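Shown below, as structure tokens, is a lone chain in the form predicted alone; questions about how it binds or moves come after it.
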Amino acid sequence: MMNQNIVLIGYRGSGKTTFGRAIAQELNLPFADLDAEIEFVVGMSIADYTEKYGWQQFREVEQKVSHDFCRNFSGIIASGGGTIENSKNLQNLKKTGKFVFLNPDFKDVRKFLLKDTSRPRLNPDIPLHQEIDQSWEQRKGIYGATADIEVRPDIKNENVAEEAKKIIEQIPKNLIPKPPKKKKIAVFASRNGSTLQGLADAQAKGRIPNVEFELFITDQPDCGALEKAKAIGFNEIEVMPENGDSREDYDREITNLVREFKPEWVLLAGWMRIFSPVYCDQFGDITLNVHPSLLPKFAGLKDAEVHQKVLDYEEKYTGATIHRITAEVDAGESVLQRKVLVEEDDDVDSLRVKVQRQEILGFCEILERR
């Protein structure tokens, strides 16, 4: 598989996130911080998660997340300080990435970490300075051995963009991914817009920088999604409440709008209408719906009904299926599925939250494809 990622490795506090974001902005590339992605998936900070579940379970989640980023992502990845200690993480990220070891002066890193009390402790039974020294000794050899390139940025330099450019100069040009082409998308929504907001948040963090929010359509003038669309700044917003027209006439109006704005994808993010063949025959191939189950299981059901069935049938896994639409409900070609584990203490509400996160990540993955 072709190398398509620059993976920043290095000790905690070495600037992987700070420089990674600046490098991505300079090169017009997507950026992903693995620690931030993990926090999104688990719904809490790493400090809280490791305190509740321990480092071993955190590493298992980290392994799943790192696997995601050796598939369709192509850009700059900031790894966690201990990510590559796990051989599976190392293998996954090496499949599609070149490793750049950020190795600033350790005295500067140590001084910074002693002041930073926000990070989760690796070994709270010993003083912090001792923990820092010990873990650095354990890890520095791994960083050096796995790195394709080593650079020594100055983390004291407040001009982050300047340091980022210095790092870029040391990376061979043939290893740097090409910027993704711009993609115009349309979003149709009828509800509160949680998925739409998730996409906007992902873009703000550095993912899907190539996406242009082109067209937004809602059939509900008072829905939360409309306010979120206005805040995001879609190029065109259309409010189309039901007006007594036939289903086919209504769909014909939407078909004309899609034809006018020519989006690459139309994302149905909580869109509650079922399209007729008038629309599906024209734009079914580029219109993606998300169903909150692993289709074909529980096809035709909605939201809470799906999650209750998952619990009633004692399913081990559930998840999100993103599929092309047809006139038959939930019958279109599956484009992507993302699974989540159903845990003993899950209920309808917790499954809804977990699955919705996978919906957002699934849409991001599709939009990142080249």
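Since this is a predicted model, take the numbers as computed values, not measurements. Counting begins at 1, following the sequence as shown.
We do not show the form predicted together with a small molecule, though everything after this point is about it.
If you check the small molecule in the model of the complex, you find no heavy atom from any of G13, G81 and V160 within 4.5 Å. In the model of the complex, the small molecule sits beyond 4.5 Å of every heavy atom of K205. With a 4.5 Å cutoff on heavy atoms, V290 counts as touching the small molecule in the model of the complex. Although the partner is absent here, L175 sits far enough away that none of its heavy atoms falls within 4.5 Å of the small molecule in the model of the complex. Although the partner is absent here, K339 sits far enough away that none of its heavy atoms falls within 4.5 Å of the small molecule in the model of the complex. The partner is not drawn, yet in the model of the complex one stretch among 299-307, 66-74, 27-35, 46-54 has residues with heavy atoms inside 4.5 Å of the small molecule: 299-307. Only one of M272, L128, I142, V239 comes within 4.5 Å of the small molecule in the model of the complex through a heavy atom, and that residue is M272.
Among S194, Q282, S276, N103, the residue placing a heavy atom within 4.5 Å of the small molecule in the model of the complex is S194.
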